[in-house]
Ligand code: ACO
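Presented below, as structure tokens, is a lone chain in the form predicted on its own.
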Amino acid sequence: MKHVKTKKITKLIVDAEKKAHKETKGDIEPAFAAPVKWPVDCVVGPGLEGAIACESKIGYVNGSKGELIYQGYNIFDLCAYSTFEEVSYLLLHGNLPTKPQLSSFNEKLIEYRNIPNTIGTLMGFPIRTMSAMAALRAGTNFMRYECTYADSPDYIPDRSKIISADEDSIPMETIPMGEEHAIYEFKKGVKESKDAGLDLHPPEGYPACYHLISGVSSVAGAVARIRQGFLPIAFDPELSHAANLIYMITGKKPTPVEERVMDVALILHADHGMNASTFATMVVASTLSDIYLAMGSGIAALSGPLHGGANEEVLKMLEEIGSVSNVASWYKHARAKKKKIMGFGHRVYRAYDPRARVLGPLAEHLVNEGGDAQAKTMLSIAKALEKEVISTLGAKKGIFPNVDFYSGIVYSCLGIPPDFFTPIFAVSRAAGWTARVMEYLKHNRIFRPRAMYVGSFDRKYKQSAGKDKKLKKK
């Protein structure tokens, strides 16, 4: 990772940070960066928008300032100087690892990439007829069977210290605000299976997190190869997490520059607040379902077109535009038709997405270093479109490129097939999902929002004529 050719990448990231500081002004948003005194008053919109669900030290998104923080560290610093392995450890444990800790963590990641039974099972599945995300989710479940004793007949969580779902729902549904201390914790852990092998672990806890962070990348590589009609490639223990991911997907060992760029991309996608897939993962985990099944829920949520897949759509949009000379007219027509401009705007950010600030220069660097004619055309169109959008909607509406706008070009230059852009997202987010779950379970409370009933109350049942006829026939 310290190859001389990667020094330019570090400089690009440092320059992006300087540009961000110069262009973006703002302070920490106090409403979302302070301890919570429960119960909390907040404005809640449809889909729980604005609701405060928990406290967290893992990550913070400052939308007005265009800032992303992991465990207190600015994303620019982590991208410039850290690695995905270090960042994963940071997210899970709260601090950057010491050299011995990082060495031990890396050894575990290398060991846990080896999931032969999972890969073998995937090869017997109709992977080529499934979506990439569906296959990734299936592989995660197969990992659960191979790596844990969760399905052992005598494996039963110890429920003696766990409040039941019905009991848990009563206090906060009591008017006006429920009990003073309506927080119930999972205190006692779980019973281990009597027949558990030494190489198996419980389906929760840090070993499970490590298995998922490492193993899901192996699943992704196998799925990608099978979908392309090739046999899966075994990981190389001498390669980093990022390098192995490229190698297992493409069959080619990456250059130092390609490895470094993928590493940065994984860091950028590792966590991003309480988004839909993170929330889905935490909701399932809050029931004390195991972390493998919880992560499967995160993958399922990410597979929805409103959450994942936008970077693939960006490439389709750029191809539709066709050339730089068409950008202005295409954009004018798109705005007139109120067509969504893919890769712009964000639910949280009202400033330039810091992840896009990094990915844009990286895309340009890769294209200039060895991109083909198509990649150069796509980048030129993207840069021209960015200027058009920012000039009309940037200052006025706070609409700037988001993480998806340049990531597709980056992944294409790395040899990643477009239908695998979202699985790469999931491989990275495994770190954030598992970290959020582990943090939440320390003071777990099952998620139980309410719905406002707007239906009728006094309707009377009447037996239908069709039902009478069926009864007579009998």
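It should be emphasised that the depicted structure is a prediction, and the values quoted were computed from it without experimental measurement. Note that residue numbering begins at 1 and tracks the sequence as displayed.
Note that the form predicted in complex with this ligand isn't included here; everything after this is about it.
Peer 1: So in the model of the complex, does Lys383 come within 4.5 Å of this ligand, heavy atom to heavy atom?
Peer 2: Heavy-atom contact with this ligand at 4.5 Å: absent for Lys383.
Peer 1: Is it the case that Ile390, even though its partner is missing from this view, gets within 4.5 Å of this ligand in the model of the complex, heavy atoms only?
Peer 2: Close contact is absent here: in the model of the complex, Ile390 is far from this ligand, nothing within 4.5 Å, heavy atoms only.
Peer 1: Please determine whether Lys340 contacts this ligand in the model of the complex, using a 4.5 Å cut-off between heavy atoms.
Peer 2: The answer is yes: Lys340 has a heavy atom within 4.5 Å of this ligand.
Peer 1: Is His307 close to this ligand in the model of the complex, meaning a heavy atom pair under 4.5 Å apart or at it?
Peer 2: His307: yes, in contact with this ligand in the model of the complex.
Peer 1: Within 4.5 angstroms, counting heavy atoms, which one of the listed stretches 212-220, 100-108, 393-401, 73-81 is next to this ligand in the model of the complex?
Peer 2: This holds for exactly one stretch, 393-401.
Peer 1: Answer with one of Phe142, Phe344, Phe235, Tyr352: the residue that has a non-hydrogen atom within 4.5 Å of this ligand in the model of the complex.
Peer 2: None of the others qualify; the residue that does is Phe344.
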